[in-house]
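So this first bit is one chain, no partners, the form predicted on its own, shown in structure tokens.
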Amino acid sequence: MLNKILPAPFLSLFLLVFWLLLQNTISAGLLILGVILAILIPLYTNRGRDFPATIYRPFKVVEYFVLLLIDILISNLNIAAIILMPSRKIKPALIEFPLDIVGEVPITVLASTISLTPGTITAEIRRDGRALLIHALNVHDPDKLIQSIKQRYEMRLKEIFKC
């Protein structure tokens, strides 16, 4: 019974403590709201734990995250240039990206990475899980974009998840 209400008790405890630290004060109302959030958030996110993934190279995760942050910054500057200089010609494109990685979690991380980078979005994952449909705002060479994603992201995800 307790396992149904608190599927992840340590997460609930962490959320409650973090909530109270963010509030910088303790009152009955804040404590009650914190307890409610600490119970509801793990209940609503419980399905996410159905897809376990083992990270084999934890330091590569840090490298991947830093690379992603740098790419997001550069992409933001490129998008700002497109907006500020409307005379620049853009070439939007839909590209089918063939996947070399397998597994729901690594594919989801790659699809999310692509969508987090301004100017690109993952529109669809093919039913067989072997390709992504990517919409890119400004692509002059689709093959170059595919190789860039493979070298910058997919290769690292293969190392991180051994897939």
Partner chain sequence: MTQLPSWAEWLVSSLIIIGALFALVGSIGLARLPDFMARLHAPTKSTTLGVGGVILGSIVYFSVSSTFSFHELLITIFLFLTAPISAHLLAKAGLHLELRRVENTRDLRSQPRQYSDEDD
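Rigid core: the largest C-alpha set superposing within 1.5 Å between the two forms. Positions refer to the first chain, counted from 1. Only a predicted model underlies this, so the values are computations on that prediction, with no experimental measurement involved.
Just so you know, the form predicted in complex with its partner chain exists too; it's not on screen, but the next bit is about it.
- Within 4.5 Å of its partner chain in the model of the complex, a heavy atom is found for all three of 76, 94 and 125.
- Of the candidate stretches 54-62, 99-107, 38-46, 126-134, only 126-134 has residues with heavy atoms within 4.5 Å of its partner chain in the model of the complex.
- In the model of the complex, its partner chain sits within 4.5 Å of a heavy atom belonging to residue 24.
- Looking at residue 118, you'd find a heavy atom of it within 4.5 angstroms of its partner chain in the model of the complex.
- Taking the partner from elsewhere, residue 69 is found to have a heavy atom lying within 4.5 Å of its partner chain in the model of the complex.
- Taking the partner from the other structure, its partner chain in the model of the complex has no heavy atom within 4.5 Å of any heavy atom of residue 144.
- With the core held fixed, the Cα of residue 26 is displaced between this form and the one not shown by 2 Å or more.
- Core-superposed comparison between this form and the one not shown: CA of residue 13 displaced by 2 Å or more.
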